[in-house]
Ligand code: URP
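Listed next as structure tokens is one chain, alone, in the form predicted on its own.
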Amino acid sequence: MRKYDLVIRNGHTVTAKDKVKQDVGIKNGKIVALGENLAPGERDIDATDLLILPGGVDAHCHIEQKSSSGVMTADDFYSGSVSAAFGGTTTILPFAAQHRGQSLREVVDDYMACAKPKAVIDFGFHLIISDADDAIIGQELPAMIEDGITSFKIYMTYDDLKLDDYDILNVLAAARREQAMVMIHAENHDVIRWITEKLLDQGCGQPKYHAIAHARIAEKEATHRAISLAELLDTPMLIVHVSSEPALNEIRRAQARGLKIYGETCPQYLFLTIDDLDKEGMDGAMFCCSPPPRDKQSQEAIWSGLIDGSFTVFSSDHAPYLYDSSGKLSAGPHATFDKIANGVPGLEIRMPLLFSEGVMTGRMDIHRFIEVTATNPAKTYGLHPRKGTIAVGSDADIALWDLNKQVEITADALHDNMDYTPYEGRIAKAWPTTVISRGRIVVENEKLCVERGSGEYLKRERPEAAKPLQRLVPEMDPKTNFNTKFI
């Protein structure tokens, strides 16, 4: 019997810290050896002229999920996980979305029943909490965290999802106590509602007005408020899908004061702009997401935050709604912008586009690329060092990148269930050609090599990132667990 199941030879392994020319020895799904001239495996892969990178971790995607307005995503756990794999991602963390009145346990059981028979790569769940009653927060949520779902998302907007500040404080208190990571969608609901009403009263209902209604100030104010609530309770928090410089600056100010506030951004804020919503007819609907893409100046600010470390993670926020009556236009072929399903697809192009426009142009260091697409998501959500790196003892989740392989991004070329991509016609200047998950070759020679249902569910640890500061907040009252310096 050979010492290794698989050996990757003659390539350079790259992590968030190092780049080393060495072989990778894999056994029983784990990396068991790193070094030169390893013994032959049952199979050897020649990685000459390729980069050996950790498989990506996409920590924000919506798969086989019904929106609060009842619209189902186009991707199920098979097509979504296949699409992720072809883009170099080997771990996904989609949402188990609670709608009001639902038990968290029932929600997770339903999503697990969808995912286990279909996923081809490893997966976990975040919870979405829209019902924060005492039983949910006091009993069900701690039980789910103990079972390994150690992160959850809450909303400050959308009628059927948003929590008021009182409920947010209750959720933050539970997260602090249980040391779970809170993700928050930060937009001021009433600002958006007020602007929307004024626009519609004037007959301004086209898709382009979606970006006007979701004004920067709505994102900035909600981000500031969310951070303030988190500071009151000394609870770490991650602000998701940040789109604008004012919101980014709120995060930077919090980080400069030593608070455990993290930020996330997404492809749409680097590669799309408000102009994309201003298309003929209803075509702008294909680019509607919340927060919306901004202008070129905002793009530059978001790039800056991604490069300088202000953002912790780079996620797809993959929300695949078909451009038809079952998806984007479920409210009708001429629906006003407030009735268009919110979200854009991006699971497969997340890493290739960032590598192409960041690393290949010299704008972003390759180690930073790995940090925001793989290592930091794994650390932030309780998966590191099992995922997100190349190290002895880690899962053998690896992508071999060909820096000479150019791919034109088209809807037909991608592997999701979508009928369009907002990145149609863009050229990715590099692409992962072989993708390995737990030592299994998932993608090779542009073909899927594993069966549906071969991915594994990931029970996650409580992340270090979610532990309260305490030492930096001496004013924390041990009885009430809030910060008395604000009294």
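For every residue, the number given is its place in the sequence shown, counted from 1. Computed from a predicted structure; not experimentally measured.
Another form exists, predicted together with the ligand; not displayed. Remarks below refer to it.
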Subject >> Segment assignment from 311-319, 385-393, 398-406, 227-235: heavy atom within 4.5 Å of the ligand in the model of the complex >> reply: 311-319
Subject >> One residue of L306, I92, I239, C289 in contact with the ligand, assessed in the model of the complex (non-hydrogen atom, 4.5 angstroms) >> reply: C289
Subject >> Partner-contacting position among Y78, F271, Y323, Y158 - heavy atom within 4.5 Å of the ligand in the model of the complex >> reply: Y158
Original post:
Do K118 and the ligand share at least one heavy atom pair within 4.5 Å in the model of the complex?
Top reply: no
**OP:** Please check if N342 has a heavy atom lying within 4.5 Å of any heavy atom of the ligand in the model of the complex.
**Re:** yes
Original post:
Does K153 make contact with the ligand in the model of the complex, using a 4.5 Å heavy atom cut-off?
Top reply: yes
**OP:** Find out whether any non-hydrogen atom of H62 is located within 4.5 angstroms of the ligand in the model of the complex, and reply yes or no.
**Re:** yes
Subject >> Sequence-ordered list of residues in 172-202 near the ligand in the model of the complex, where near means a heavy atom within 4.5 Å >> reply: H185
